[in-house]
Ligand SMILES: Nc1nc2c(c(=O)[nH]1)N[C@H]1C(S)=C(S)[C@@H](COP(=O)(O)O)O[C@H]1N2
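In the block that follows, a single chain appears as C-alpha cells, in the form predicted on its own.
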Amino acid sequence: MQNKIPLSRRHFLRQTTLTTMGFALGAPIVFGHFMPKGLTPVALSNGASFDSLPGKRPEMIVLNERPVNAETPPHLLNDVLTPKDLFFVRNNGLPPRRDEINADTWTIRFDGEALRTEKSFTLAELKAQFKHYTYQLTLECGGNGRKEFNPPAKGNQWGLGAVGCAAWTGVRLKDVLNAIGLKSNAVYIGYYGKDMHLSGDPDKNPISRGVPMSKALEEESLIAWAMNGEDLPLLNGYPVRLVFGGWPASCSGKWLERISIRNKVHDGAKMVGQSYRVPCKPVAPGSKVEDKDMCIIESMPVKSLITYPKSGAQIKAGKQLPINGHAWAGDLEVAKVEYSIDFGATWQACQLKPPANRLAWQQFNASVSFPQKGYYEVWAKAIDSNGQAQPMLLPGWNPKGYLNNACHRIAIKVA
C-alpha cells in the first residue's frame, strides 16, 4: 500500500514549488495559494518564434508555410478594427497567384440541387446589381488556443491570436440568393474556392465547407471584397470571399468561385469525418470518438482577450494598471467582462462597450490595483447574453482541439 504524504509535508512541497517559481519570475507570486494545482505561470511559458509573410507584419507568428498559417500576438490586436497586415491567416491549400487574378472578370457560379436556376456573376456585376453593406464581423479559427489542450490535439498549434474583427464590405448573400431563387428544400450552402490542393491535384479541394440556410440568409452574411475600406489581402481571400461572423472562420470561404445550394448538409472537404466537429457529449481526455458521435461546430463560444498591456509588463508599487481588450460570443452578445488578480478567487467588473453591430467584438477596460509587490496574473472572463461564462481553465477536451475559450491571462510584476 502506497504511503500518503502528510498534510504538513504537502503544504511544504507546494510552498517550495511556489517559492521556486517566484525565483524564476524574479518576484513572489502574490495570491499563489489560490493558484490551481499544476498550473504553470503564463510568464514561464515558452515564447514563440517570428517570421514574415507578404503583406503581413514581421511580428506575425508563422505556424507553417505550406499551407500558410500565421497568428497575431495578442498585444498587437489592440485596435478596434484589426489592421489588414495583422489579420490572422488560416489556409488549407495554396492561394492563386496575385498576377493571375483579374478582379473585375472574376466569376462566381451559383448552382446546386436546391437552386431554381444556375447563375453566374462577375465580381463587377455583383457590385453593380446589388446594394453594398459594411459590417464589423469577428472571425476566429475553430482551433484557436489548440496548443493548450492536454493530451495534445493534432493540427496547427495555435496560441490565442487566430482571431480578428474587421469592417467587411460586400453584398448580402441573401440578396443574391433571393434574386436567383431558392427551392423550398434548400437547407445548406457549400462554397468552393480557387485555392489549390497541396498535392497539386486539380480534382481535389483543399477545403469546401458551408453553413445552414438560416446562417446564409442572415443580414450580416456577406460576399465581401473589401476589408477596412481596402481590397482584401491575398492571403485573406482576394479578390472575394464569404464572411459569416461568429462561426468558425473555416465557414467563410476565400477566393470564392462557386456556391452550391444543397438539399442536405454539405459534404465537401473538411465537412465530413471529424473536421470542425466536437463530441456531441463530453468525453474523457484522450478518448477516441466515432465520427457518428461528433457534431458540427456552429456558433463559437464566449471569449475575451487582454490586448493591453503585453504579458510581462512591470509597474511600480502603488500605481494602477490600465487594461483593455476585446470580448465576443459567437452569434450572441457579451453581457459583461470581469477581471481577477487572485487566480479567480474574486472578480471585479470591467467597463464594456456595446458592439458596433451584431457579430462585432466588444471592447472592455478597467484600472487594476495591486495590494503589494510581487508577481501577479490578470485574468479576463466574459459572460454572454445567455449567462454562459468562460471557464477559468481549459474547457472539455476534444480530439481535434477546438473551442478553447479558457480565461485569458497575462503576467504582471509589481516592483
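For every residue, the number given is its place in the sequence shown, counted from 1. Keep in mind that what you see is a predicted model, and the values were worked out from it rather than measured.
The same protein also exists as the form predicted together with the named molecule; that form is not shown, yet it is the one meant from here on.
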| item | value |
| --- | --- |
| Heavy atom of His326 within 4.5 Å of the named molecule in the model of the complex | no |
| The named molecule contact at Arg90 in the model of the complex, heavy atom, 4.5 Å | yes |
| 4.5 Å heavy atom contact, Asp195 to the named molecule in the model of the complex | yes |
| Ser252: touches the named molecule in the model of the complex, heavy atom cutoff 4.5 angstroms | yes |
| Heavy atom within 4.5 Å of the named molecule in the model of the complex - the one residue of Thr138, Asn236, Thr307, Ser340 that qualifies | Asn236 |
| Contact residue in the model of the complex, from Trp225, Phe149, Tyr191, Tyr188 (heavy atom within 4.5 Å of the named molecule) | Tyr191 |
| Heavy atom distance at most 4.5 Å to the named molecule in the model of the complex, all of Ile207, Arg241 and Tyr276 | yes |
| Stretch in contact in the model of the complex with the named molecule, which is absent here, among 178-186, 244-252, 75-83, 299-307 (heavy atoms within 4.5 Å) | 244-252 |
